[in-house]
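This document opens with one chain alone, in C-alpha coordinates, the form predicted on its own.
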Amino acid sequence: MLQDAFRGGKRYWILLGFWVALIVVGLAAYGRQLSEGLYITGMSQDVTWGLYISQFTFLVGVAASAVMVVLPYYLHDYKAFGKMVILGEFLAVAAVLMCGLFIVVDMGQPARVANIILHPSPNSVMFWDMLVLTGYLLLNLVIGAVTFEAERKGAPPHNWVRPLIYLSIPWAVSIHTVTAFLYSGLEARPFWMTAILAPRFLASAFSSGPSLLILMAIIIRRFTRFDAGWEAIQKLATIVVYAMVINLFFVLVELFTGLYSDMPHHLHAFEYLFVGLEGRAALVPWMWVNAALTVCAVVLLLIPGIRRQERFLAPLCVVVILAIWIEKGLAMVVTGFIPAPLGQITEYAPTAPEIAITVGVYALGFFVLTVLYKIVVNVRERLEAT
(Lines give C-alpha, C1' and ligand atoms only; values in the text may rest on other atoms or scores of the structure.)
Protein backbone atom coordinates (compact mmCIF):
# COMPACT_ATOMS: atom_id res chain seq x y z
CA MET A 1 0.00 0.00 0.00
CA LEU A 2 2.89 2.40 0.76
CA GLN A 3 4.12 2.12 -2.81
CA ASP A 4 1.04 4.10 -3.88
CA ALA A 5 2.63 7.17 -2.29
CA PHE A 6 5.21 7.13 -5.09
CA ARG A 7 2.69 6.88 -7.90
CA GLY A 8 1.53 10.29 -8.99
CA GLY A 9 1.49 12.74 -11.82
CA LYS A 10 3.32 16.01 -12.31
CA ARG A 11 0.90 18.05 -10.17
CA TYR A 12 1.37 15.66 -7.25
CA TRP A 13 5.14 16.01 -7.25
CA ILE A 14 4.97 19.77 -7.71
CA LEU A 15 2.69 19.98 -4.69
CA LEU A 16 5.07 17.86 -2.60
CA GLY A 17 7.96 20.04 -3.76
CA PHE A 18 6.04 23.13 -2.69
CA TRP A 19 5.51 21.68 0.80
CA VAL A 20 9.20 20.73 1.01
CA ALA A 21 10.25 24.28 0.11
CA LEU A 22 8.10 25.69 2.91
CA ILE A 23 9.45 23.06 5.31
CA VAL A 24 13.01 24.15 4.50
CA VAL A 25 12.09 27.77 5.22
CA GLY A 26 10.57 26.72 8.52
CA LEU A 27 13.63 24.64 9.45
CA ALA A 28 15.92 27.58 8.73
CA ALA A 29 13.86 29.80 11.04
CA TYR A 30 13.74 27.07 13.67
CA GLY A 31 17.52 26.70 13.51
CA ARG A 32 17.77 30.39 14.35
CA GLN A 33 15.34 29.95 17.24
CA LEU A 34 17.39 27.05 18.58
CA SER A 35 20.57 29.11 18.51
CA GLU A 36 19.15 32.43 19.78
CA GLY A 37 16.26 31.20 21.89
CA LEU A 38 12.64 32.26 22.14
CA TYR A 39 13.89 35.83 22.34
CA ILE A 40 13.37 36.08 18.56
CA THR A 41 9.63 35.49 18.97
CA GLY A 42 7.04 38.07 19.95
CA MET A 43 6.43 36.35 23.28
CA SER A 44 7.52 37.93 26.52
CA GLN A 45 7.50 37.44 30.27
CA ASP A 46 3.88 38.63 30.35
CA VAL A 47 2.63 36.85 27.21
CA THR A 48 4.18 33.38 27.32
CA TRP A 49 1.89 31.70 24.79
CA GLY A 50 1.49 33.04 21.29
CA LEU A 51 1.22 31.87 17.70
CA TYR A 52 2.51 28.35 18.38
CA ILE A 53 0.04 27.49 21.14
CA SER A 54 -2.82 29.14 19.29
CA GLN A 55 -2.17 26.82 16.33
CA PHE A 56 -1.94 23.88 18.70
CA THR A 57 -5.35 24.75 20.15
CA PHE A 58 -6.93 25.16 16.73
CA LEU A 59 -5.49 21.91 15.36
CA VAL A 60 -6.57 19.83 18.35
CA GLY A 61 -10.09 20.76 17.31
CA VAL A 62 -9.43 19.70 13.72
CA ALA A 63 -8.14 16.35 14.98
CA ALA A 64 -11.12 15.83 17.29
CA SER A 65 -13.58 16.47 14.47
CA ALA A 66 -12.83 13.07 12.91
CA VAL A 67 -15.42 11.71 15.32
CA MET A 68 -18.09 13.45 13.22
CA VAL A 69 -17.65 10.84 10.49
CA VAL A 70 -16.53 7.89 12.61
CA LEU A 71 -19.53 7.99 14.96
CA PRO A 72 -22.32 8.01 12.31
CA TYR A 73 -20.59 5.40 10.17
CA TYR A 74 -19.66 2.82 12.81
CA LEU A 75 -22.33 3.39 15.46
CA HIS A 76 -25.32 4.24 13.26
CA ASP A 77 -24.29 2.42 10.08
CA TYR A 78 -24.58 5.59 7.99
CA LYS A 79 -23.26 4.21 4.70
CA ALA A 80 -22.87 7.59 3.03
CA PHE A 81 -19.76 8.21 5.15
CA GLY A 82 -18.15 4.98 3.94
CA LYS A 83 -15.66 6.77 1.67
CA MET A 84 -15.29 9.78 3.94
CA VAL A 85 -14.18 7.98 7.11
CA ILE A 86 -10.62 7.29 5.99
CA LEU A 87 -10.23 10.92 4.91
CA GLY A 88 -11.30 12.05 8.38
CA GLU A 89 -8.99 9.62 10.15
CA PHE A 90 -5.97 10.61 8.08
CA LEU A 91 -6.79 14.30 8.58
CA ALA A 92 -6.75 13.61 12.33
CA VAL A 93 -3.32 11.96 12.02
CA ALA A 94 -1.84 15.00 10.24
CA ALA A 95 -3.51 17.41 12.69
CA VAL A 96 -2.18 15.62 15.79
CA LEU A 97 1.29 15.48 14.23
CA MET A 98 1.20 19.26 13.78
CA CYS A 99 -0.08 19.68 17.35
CA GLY A 100 2.95 17.83 18.68
CA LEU A 101 5.34 19.87 16.54
CA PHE A 102 3.85 23.15 17.77
CA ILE A 103 4.40 22.04 21.35
CA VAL A 104 8.02 21.18 20.53
CA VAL A 105 8.79 24.55 18.91
CA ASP A 106 6.99 26.41 21.71
CA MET A 107 9.17 24.80 24.38
CA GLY A 108 12.30 26.31 22.85
CA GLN A 109 14.53 23.29 23.34
CA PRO A 110 13.19 19.91 22.13
CA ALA A 111 14.84 18.12 25.05
CA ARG A 112 12.31 19.75 27.39
CA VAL A 113 9.56 17.62 25.88
CA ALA A 114 11.32 14.55 27.29
CA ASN A 115 10.74 15.87 30.81
CA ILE A 116 7.02 15.15 30.44
CA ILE A 117 7.87 11.52 29.64
CA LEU A 118 10.82 11.02 32.00
CA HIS A 119 9.17 12.81 34.91
CA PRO A 120 5.43 12.23 34.55
CA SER A 121 3.19 14.12 36.91
CA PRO A 122 -0.45 13.00 37.13
CA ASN A 123 -1.24 16.35 38.76
CA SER A 124 -0.23 18.15 35.55
CA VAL A 125 -2.89 18.72 32.91
CA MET A 126 -0.07 18.94 30.34
CA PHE A 127 0.84 15.32 31.13
CA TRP A 128 -2.73 14.18 30.46
CA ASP A 129 -2.89 16.28 27.30
CA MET A 130 0.23 14.58 25.97
CA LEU A 131 -1.23 11.19 26.93
CA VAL A 132 -4.57 11.66 25.16
CA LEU A 133 -3.02 13.21 22.06
CA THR A 134 -0.46 10.40 21.69
CA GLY A 135 -3.16 7.82 22.24
CA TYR A 136 -5.44 9.47 19.70
CA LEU A 137 -2.66 9.57 17.11
CA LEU A 138 -1.97 5.86 17.57
CA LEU A 139 -5.68 5.00 17.47
CA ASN A 140 -6.21 6.80 14.15
CA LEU A 141 -3.05 5.35 12.63
CA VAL A 142 -3.99 1.80 13.57
CA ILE A 143 -7.69 2.10 12.71
CA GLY A 144 -7.03 3.89 9.43
CA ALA A 145 -4.31 1.49 8.29
CA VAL A 146 -6.14 -1.71 9.29
CA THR A 147 -9.57 -0.77 7.92
CA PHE A 148 -8.18 0.63 4.70
CA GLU A 149 -5.95 -2.39 4.12
CA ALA A 150 -8.98 -4.63 4.64
CA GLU A 151 -10.95 -2.57 2.12
CA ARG A 152 -8.09 -2.84 -0.37
CA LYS A 153 -8.21 -6.62 -0.07
CA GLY A 154 -12.00 -6.68 -0.30
CA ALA A 155 -12.36 -8.26 3.14
CA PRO A 156 -13.98 -7.09 6.39
CA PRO A 157 -11.61 -5.57 8.96
CA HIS A 158 -10.36 -7.73 11.83
CA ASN A 159 -12.71 -8.02 14.78
CA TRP A 160 -10.08 -6.72 17.19
CA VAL A 161 -10.11 -3.28 15.57
CA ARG A 162 -13.80 -2.59 16.32
CA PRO A 163 -13.23 -1.97 20.07
CA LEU A 164 -10.52 0.51 19.08
CA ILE A 165 -13.00 2.29 16.82
CA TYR A 166 -15.51 2.58 19.66
CA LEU A 167 -12.75 3.77 22.00
CA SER A 168 -11.68 6.48 19.54
CA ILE A 169 -15.08 8.19 19.79
CA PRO A 170 -14.92 9.29 23.45
CA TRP A 171 -11.15 9.69 23.04
CA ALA A 172 -11.75 12.32 20.34
CA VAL A 173 -13.90 14.29 22.77
CA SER A 174 -11.29 13.90 25.50
CA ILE A 175 -8.41 15.47 23.55
CA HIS A 176 -10.18 18.81 23.21
CA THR A 177 -11.70 18.63 26.68
CA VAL A 178 -8.28 18.19 28.28
CA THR A 179 -6.92 21.00 26.08
CA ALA A 180 -9.68 23.27 27.39
CA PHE A 181 -8.76 22.26 30.94
CA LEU A 182 -5.22 23.53 30.29
CA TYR A 183 -6.74 26.99 30.09
CA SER A 184 -9.75 26.92 32.39
CA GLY A 185 -7.73 25.48 35.26
CA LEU A 186 -5.59 28.63 35.51
CA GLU A 187 -7.35 30.66 38.19
CA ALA A 188 -5.20 33.74 37.59
CA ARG A 189 -6.55 34.03 34.04
CA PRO A 190 -10.27 34.92 34.34
CA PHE A 191 -10.78 35.10 30.58
CA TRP A 192 -10.15 31.35 30.37
CA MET A 193 -11.68 30.35 33.70
CA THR A 194 -15.14 29.43 32.48
CA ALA A 195 -17.05 26.17 32.82
CA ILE A 196 -18.23 26.23 29.20
CA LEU A 197 -14.76 26.47 27.67
CA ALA A 198 -14.62 22.72 26.90
CA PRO A 199 -18.10 22.66 25.25
CA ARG A 200 -17.17 25.81 23.38
CA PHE A 201 -13.96 24.22 22.13
CA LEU A 202 -15.88 21.15 20.97
CA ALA A 203 -18.52 23.21 19.16
CA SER A 204 -15.83 25.17 17.32
CA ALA A 205 -13.98 21.92 16.55
CA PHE A 206 -17.08 20.40 14.98
CA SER A 207 -17.33 23.53 12.81
CA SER A 208 -13.76 23.96 11.59
CA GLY A 209 -12.73 20.30 11.30
CA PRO A 210 -15.63 19.13 9.09
CA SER A 211 -15.25 22.34 7.05
CA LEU A 212 -11.64 21.43 6.29
CA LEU A 213 -12.70 17.86 5.53
CA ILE A 214 -15.33 19.14 3.09
CA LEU A 215 -12.69 21.24 1.33
CA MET A 216 -10.35 18.25 1.08
CA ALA A 217 -13.13 16.08 -0.32
CA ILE A 218 -14.08 18.72 -2.90
CA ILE A 219 -10.44 19.20 -3.98
CA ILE A 220 -9.93 15.44 -4.34
CA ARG A 221 -13.20 15.20 -6.25
CA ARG A 222 -12.11 17.88 -8.72
CA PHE A 223 -8.57 16.68 -9.41
CA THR A 224 -8.96 12.90 -9.22
CA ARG A 225 -11.49 10.22 -10.12
CA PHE A 226 -12.23 9.52 -6.46
CA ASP A 227 -15.49 10.96 -5.12
CA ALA A 228 -16.32 10.74 -1.42
CA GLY A 229 -19.96 11.39 -2.28
CA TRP A 230 -22.07 14.53 -2.41
CA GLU A 231 -24.47 13.14 0.20
CA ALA A 232 -21.59 12.78 2.66
CA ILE A 233 -20.37 16.30 1.91
CA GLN A 234 -23.86 17.70 2.44
CA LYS A 235 -24.28 15.85 5.73
CA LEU A 236 -20.99 17.31 6.93
CA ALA A 237 -22.19 20.75 5.86
CA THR A 238 -25.29 20.28 8.02
CA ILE A 239 -23.08 19.35 10.97
CA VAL A 240 -20.96 22.46 10.34
CA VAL A 241 -23.90 24.87 10.35
CA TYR A 242 -25.43 23.53 13.57
CA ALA A 243 -22.05 23.44 15.30
CA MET A 244 -21.46 27.04 14.22
CA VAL A 245 -24.84 28.08 15.66
CA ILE A 246 -23.99 26.40 18.98
CA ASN A 247 -20.52 27.95 19.00
CA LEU A 248 -21.99 31.40 18.33
CA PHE A 249 -24.45 30.89 21.18
CA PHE A 250 -21.61 29.97 23.56
CA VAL A 251 -19.65 33.07 22.55
CA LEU A 252 -22.68 35.30 23.15
CA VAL A 253 -23.18 33.67 26.57
CA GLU A 254 -19.57 34.49 27.43
CA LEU A 255 -20.05 38.08 26.24
CA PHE A 256 -23.19 38.52 28.31
CA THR A 257 -21.50 37.15 31.44
CA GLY A 258 -18.48 39.38 31.01
CA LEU A 259 -20.32 42.57 30.08
CA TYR A 260 -23.43 42.35 32.28
CA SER A 261 -21.53 41.37 35.41
CA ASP A 262 -19.33 44.46 34.94
CA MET A 263 -16.59 42.73 36.96
CA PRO A 264 -13.30 44.35 35.87
CA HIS A 265 -11.27 41.15 35.68
CA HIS A 266 -13.87 39.67 33.26
CA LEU A 267 -14.75 42.90 31.47
CA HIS A 268 -11.24 44.07 30.59
CA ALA A 269 -10.49 41.07 28.37
CA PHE A 270 -13.58 41.67 26.25
CA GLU A 271 -12.87 45.40 26.12
CA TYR A 272 -9.38 44.65 24.84
CA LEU A 273 -10.79 42.32 22.18
CA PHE A 274 -13.53 44.53 20.77
CA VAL A 275 -12.71 48.18 21.55
CA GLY A 276 -9.19 48.20 22.94
CA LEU A 277 -7.91 48.82 26.45
CA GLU A 278 -5.85 51.84 27.51
CA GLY A 279 -5.00 52.62 23.91
CA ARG A 280 -3.93 49.06 23.10
CA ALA A 281 -6.03 47.48 20.35
CA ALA A 282 -3.92 45.05 18.33
CA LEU A 283 -6.64 42.38 18.21
CA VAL A 284 -9.65 44.68 17.65
CA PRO A 285 -9.57 44.48 13.80
CA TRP A 286 -9.19 40.71 13.98
CA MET A 287 -12.18 40.31 16.27
CA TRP A 288 -14.50 42.44 14.15
CA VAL A 289 -13.42 40.48 11.08
CA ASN A 290 -14.15 37.31 13.06
CA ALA A 291 -17.61 38.62 14.00
CA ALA A 292 -18.43 39.49 10.38
CA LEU A 293 -17.18 36.11 9.10
CA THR A 294 -19.09 34.19 11.77
CA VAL A 295 -22.41 35.93 11.15
CA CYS A 296 -21.97 35.64 7.38
CA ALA A 297 -21.19 31.92 7.59
CA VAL A 298 -24.07 31.12 9.95
CA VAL A 299 -26.67 33.07 7.98
CA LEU A 300 -25.66 31.71 4.57
CA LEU A 301 -25.13 28.11 5.67
CA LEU A 302 -28.58 28.06 7.26
CA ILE A 303 -30.08 28.56 3.80
CA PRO A 304 -30.35 25.07 2.22
CA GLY A 305 -30.33 26.42 -1.33
CA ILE A 306 -26.93 28.01 -0.76
CA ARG A 307 -25.48 25.18 1.29
CA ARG A 308 -26.29 22.63 -1.41
CA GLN A 309 -24.31 24.38 -4.13
CA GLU A 310 -20.63 23.52 -4.32
CA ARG A 311 -19.69 26.96 -5.67
CA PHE A 312 -21.02 28.51 -2.43
CA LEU A 313 -20.23 25.71 0.02
CA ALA A 314 -16.47 25.66 -0.57
CA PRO A 315 -15.94 29.43 0.04
CA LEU A 316 -18.22 29.29 3.09
CA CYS A 317 -16.13 26.46 4.52
CA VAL A 318 -13.07 28.69 4.11
CA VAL A 319 -14.94 31.46 5.94
CA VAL A 320 -15.79 29.08 8.80
CA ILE A 321 -12.17 27.94 9.12
CA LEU A 322 -10.89 31.54 9.18
CA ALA A 323 -13.51 32.59 11.73
CA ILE A 324 -12.68 29.72 14.11
CA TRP A 325 -8.94 30.20 13.53
CA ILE A 326 -9.21 33.82 14.68
CA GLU A 327 -11.56 33.17 17.58
CA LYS A 328 -9.86 30.08 19.00
CA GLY A 329 -6.38 30.99 17.87
CA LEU A 330 -4.69 34.26 18.74
CA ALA A 331 -7.81 35.88 20.23
CA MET A 332 -8.39 33.10 22.77
CA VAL A 333 -4.75 32.52 23.68
CA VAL A 334 -3.29 36.02 23.75
CA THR A 335 -6.24 37.72 25.45
CA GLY A 336 -5.90 35.39 28.42
CA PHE A 337 -2.67 37.25 29.26
CA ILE A 338 -4.14 40.77 28.84
CA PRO A 339 -4.24 42.39 31.27
CA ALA A 340 -1.75 40.51 33.44
CA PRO A 341 -2.74 39.57 37.03
CA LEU A 342 -1.09 42.77 38.30
CA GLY A 343 -2.88 44.92 35.71
CA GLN A 344 -0.09 45.68 33.23
CA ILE A 345 -0.88 45.45 29.52
CA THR A 346 1.73 43.87 27.26
CA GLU A 347 0.63 43.31 23.68
CA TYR A 348 1.84 40.52 21.48
CA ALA A 349 2.52 40.30 17.75
CA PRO A 350 4.18 37.30 16.07
CA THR A 351 7.58 37.91 14.50
CA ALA A 352 8.76 36.83 11.05
CA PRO A 353 10.68 33.79 12.44
CA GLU A 354 7.56 32.68 14.34
CA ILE A 355 5.45 32.93 11.22
CA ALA A 356 8.07 31.07 9.16
CA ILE A 357 8.25 28.24 11.71
CA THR A 358 4.46 28.06 11.84
CA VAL A 359 4.25 27.86 8.05
CA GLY A 360 6.90 25.15 8.11
CA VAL A 361 4.94 23.06 10.61
CA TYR A 362 1.77 23.41 8.55
CA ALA A 363 3.72 22.47 5.41
CA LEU A 364 5.02 19.31 7.09
CA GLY A 365 1.51 18.40 8.20
CA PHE A 366 0.06 18.94 4.74
CA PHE A 367 2.96 17.03 3.19
CA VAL A 368 1.98 14.01 5.30
CA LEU A 369 -1.71 14.57 4.52
CA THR A 370 -1.00 14.81 0.78
CA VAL A 371 0.90 11.51 0.83
CA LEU A 372 -1.80 9.76 2.87
CA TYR A 373 -4.57 11.05 0.61
CA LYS A 374 -2.59 10.02 -2.48
CA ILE A 375 -2.49 6.46 -1.16
CA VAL A 376 -6.25 6.57 -0.56
CA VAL A 377 -6.97 7.96 -4.02
CA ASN A 378 -4.74 5.47 -5.85
CA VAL A 379 -6.21 2.48 -4.03
CA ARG A 380 -9.80 3.66 -4.42
CA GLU A 381 -9.35 4.37 -8.12
CA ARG A 382 -8.03 0.83 -8.66
CA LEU A 383 -10.92 -0.67 -6.70
CA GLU A 384 -13.50 1.28 -8.66
CA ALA A 385 -11.88 0.31 -11.96
CA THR A 386 -12.20 -3.41 -11.20
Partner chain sequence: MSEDRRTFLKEVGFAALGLGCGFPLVRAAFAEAQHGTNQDAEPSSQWAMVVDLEKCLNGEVRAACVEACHREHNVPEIPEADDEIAWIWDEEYKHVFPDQVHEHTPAELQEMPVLVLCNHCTNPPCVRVCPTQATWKRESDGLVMMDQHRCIGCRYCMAACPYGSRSFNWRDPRAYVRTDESGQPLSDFPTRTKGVVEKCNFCAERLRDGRQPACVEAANAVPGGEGALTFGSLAEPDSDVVRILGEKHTISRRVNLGTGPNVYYVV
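Positions refer to the first chain, counted from 1. Only a predicted model underlies this, so the values are computations on that prediction, with no experimental measurement involved.
This protein has a second form, the form predicted in complex with its partner chain, left out of what is shown; the following refers to that one.
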item	value
Its partner chain contact at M43 in the model of the complex, heavy atom, 4.5 Å	yes
Heavy atom of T48 within 4.5 Å of its partner chain in the model of the complex	yes
Interface membership of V275, its partner chain in the model of the complex, 4.5 Å heavy atom rule	no
Close approach of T346 to its partner chain in the model of the complex, 4.5 Å, heavy atom	yes
Position in contact with its partner chain when the complex is considered in the model of the complex, options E310, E149, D227, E231, heavy atoms within 4.5 Å	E149
Selected contact from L182, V251, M287, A237, since only one has a non-hydrogen atom within 4.5 angstroms of its partner chain in the model of the complex	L182
Its partner chain in the model of the complex: contacted by all of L131, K153 and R189, heavy atom 4.5 Å	yes
Answer range among 106-114, 298-306, 237-245, 205-213 for contact with its partner chain, defined in the model of the complex as heavy atoms within 4.5 Å	106-114
